[in-house]
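We begin with a single chain expressed as structure tokens, specifically the form predicted alone.
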Amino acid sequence: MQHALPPSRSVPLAITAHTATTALGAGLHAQREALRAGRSGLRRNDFGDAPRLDCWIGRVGGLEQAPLPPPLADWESRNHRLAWMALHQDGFIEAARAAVARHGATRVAVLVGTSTSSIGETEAAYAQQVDGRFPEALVRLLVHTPHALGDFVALATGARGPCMTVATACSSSAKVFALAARMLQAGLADAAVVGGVDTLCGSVLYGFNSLQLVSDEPCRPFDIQRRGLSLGEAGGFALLERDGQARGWLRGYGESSDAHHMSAPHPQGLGARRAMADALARAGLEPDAVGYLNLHGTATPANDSVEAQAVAAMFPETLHASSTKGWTGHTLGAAGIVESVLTLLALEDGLLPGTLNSRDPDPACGPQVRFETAQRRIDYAMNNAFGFGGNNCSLVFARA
């Protein structure tokens, strides 16, 4: 690995609210209960019209019966329904609007991640063309752009500060934490709503299947018999401020780019190691201070072994590291925020998730990768989110 000067230590940011909605249910209570019970949210693919791809998915229940309120009808899409549902869990939207009132609307940023935004509605518009034109009911929707999610969340929360939608595949909604930290440090905002939403659609299911990455059984990260990923959908948010009543702290972040391949990780995991090392440096921590690491762990053969080797090269054997994708599925652009929220719950509750569905450890992976859930108090935790194109992001959180 090329050595460079480590980044300076960051000023910690308070996480004053957070929430997640996944295939496990809506809000933090549903996530907690499923983690304690070892209950997966995966089910056989029942999304869209038959015939369907033979696979398992992490589908959020109830979206079909939850249209947006009439004043938001022009924003109608599966992605925005999930965003709306997630914003209304755990008092999050009230916390965001209180931050807008406290700091001023133009001082609250909205920074969100997604991989496909509302592309499901764009797919439908192409499929229902009349004489080469989108049907009026679909063309009028304010959804046919990747930034629709950022605009929708800004409208919902009332925030009118800097608004950006990050689309770096599966690292998208982890990188928004780093972006928020830089924005607050530069004085461009006093608070930031960060998060991400991604929903199931044909492009996702058949696109990943065309890459031969989708398993026909529930995903088994880091298992020697792993056969690929299980796709999912989710939405989640966190509110970052310089101070306030913190539920947790963002202590550091690290970002890197492999510059190696469009879809495969660097074989020695150099980009992953750089991201983790920079996150620790900004947090001012040594590796042995981290009690839990939520791995990217997609259950694809290449990703898991490379990530595990990078972790084994940096962390002691005492680290408890796991993938939570057996619970939620791989939620793509929402994975960063969902797994950050699960990491914050590990700090709050001391419940360190294992790797659901996995039974036979891949000997190429180190002892840090745990299949069993454990209970113990920890002070610091890390979340890894790695995306196509070699986009890597690691975040370090601290217990409040």
Partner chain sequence: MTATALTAGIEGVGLWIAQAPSWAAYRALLAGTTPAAETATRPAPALLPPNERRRAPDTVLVALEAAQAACADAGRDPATLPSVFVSTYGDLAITEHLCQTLATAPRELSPTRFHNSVHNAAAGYWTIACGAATPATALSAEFAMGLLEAMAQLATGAPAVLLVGYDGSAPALLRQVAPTDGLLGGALVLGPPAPGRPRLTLSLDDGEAPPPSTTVAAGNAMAPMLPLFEALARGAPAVVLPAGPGRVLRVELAHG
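All values derive from a computational prediction rather than experimental measurement. Numbering follows the first chain given and starts at 1.
One more form of this protein should be noted, the form predicted together with the partner chain, which is absent from this view; the next part is about it.
What stretch, of 130 to 138, 293 to 301, 323 to 331, 91 to 99, brings heavy atoms to within 4.5 Å of the partner chain in the predicted bound form? Of the options given, it is 130 to 138.
Which residue among Leu179, Leu319, Leu285, Met85 has a heavy atom within 4.5 angstroms of the partner chain in the predicted bound form? None of the other options qualify; the answer is Leu179.
Just to be sure I understand the contacts: of Gly158, Pro267, Gly207, Gly244, which is the one whose heavy atoms reach within 4.5 angstroms of the partner chain in the predicted bound form? Of the listed residues, the single hit is Gly207.
Indicate whether Leu53 is a 4.5 Å heavy atom neighbour of the partner chain in the predicted bound form. Residue-level check for Leu53: yes, a contact with the partner chain.
Answer yes if any heavy atom of Ile119 is within 4.5 Å of a heavy atom of the partner chain in the predicted bound form; otherwise answer no. Yes, Ile119 lies within 4.5 Å of the partner chain in the predicted bound form.
Is Asn391 close to the partner chain in the predicted bound form, meaning a heavy atom pair under 4.5 Å apart or at it? Asn391: contacts the partner chain in the predicted bound form.
Do Ser305 and the partner chain share at least one heavy atom pair within 4.5 Å in the predicted bound form? Ser305 lies outside the contact set for the partner chain.
Across 105 to 120, which residues bring a heavy atom to within 4.5 Å of the partner chain in the predicted bound form? In sequence order, Thr106, Arg107, Ile119 come within 4.5 Å of the partner.
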